[in-house]
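The form predicted alone is given below as one chain in structure tokens.
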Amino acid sequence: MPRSPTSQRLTDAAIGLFNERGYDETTVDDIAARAGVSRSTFFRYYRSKEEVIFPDHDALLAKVEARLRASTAGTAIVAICDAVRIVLAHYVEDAEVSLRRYRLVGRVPALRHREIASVARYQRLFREYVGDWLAGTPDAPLRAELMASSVVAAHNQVLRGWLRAGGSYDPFEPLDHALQYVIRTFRHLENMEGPREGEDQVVVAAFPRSASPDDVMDAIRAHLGSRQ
């Protein structure tokens, strides 16, 4: 979702003016004049001056929701991981603006509050879909909230690390690493519906890379034997 040339000029103008004059001292008219557009043109792109420097969260949320909507309870974990990567990719693709925004938000409370509100929208979306997938299972609302908050926390921790480093590395490997913790915690969601009568249950097991084949097989036999 790249910005249009006009949108990009408005963003550049806003960030420049916020840094030069301060956020409170900068008006919409100032931003429009710096970008070379009219006040009415500004409001065709943005609803307020703080919105100028943030991603188009409405469009990004729609993209995330489309990925979640295409999933089912059986592929919930994969869908959520894909959705988180969509969000991170948006920041990385617009890295210069993301880095300038990060430095600015740290100094302006109004922008920090706006950012916190935006994060809450993603967490709410994840919670709603996980809640639907878990419907009818024990503690569904609680588990949905826990998973949504864990996913958002993993993304935000990786994003902040990348921003603090000046965007100097590819953050997707650290994101995958962080999401592995979420996956290990919530892997049971892959079998949320439970086995139907007469069907075999599927056992998902995770072992360290250092485990030998004999160790893996012994552990599996012991587990299966304990469930007889």
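Keep in mind the model is a prediction, meaning the values are calculated, not measured. Each residue number is its position in the shown sequence, starting from 1. Heads up, when I say rigid core I mean the largest set of C-alphas that superpose within 1.5 Å between the two forms.
The form predicted together with the DNA exists for this protein as well; it is not shown, and the discussion that follows is about that form.
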Stretch from 29-37, 65-73, 158-166, 173-181 whose residues place a heavy atom within 4.5 Å of the DNA in the predicted complex: 29-37
Exercise: R47 in contact with the DNA in the predicted complex, heavy atom 4.5 Å: yes
Would Q8 sit within 4.5 Å of the DNA in the predicted complex, counting heavy atoms only? no
With both forms fit on the core, is the shift of the CA atom of Y45 between this form and the one not shown 2 Å or larger? yes
If the two forms are fitted on the core, does G166 show a Cα displacement reaching 2 angstroms between this form and the one not shown? no
After core superposition, I'd like to know whether L60 moves between this form and the one not shown (criterion: C-alpha shift of 2 angstroms or more). no
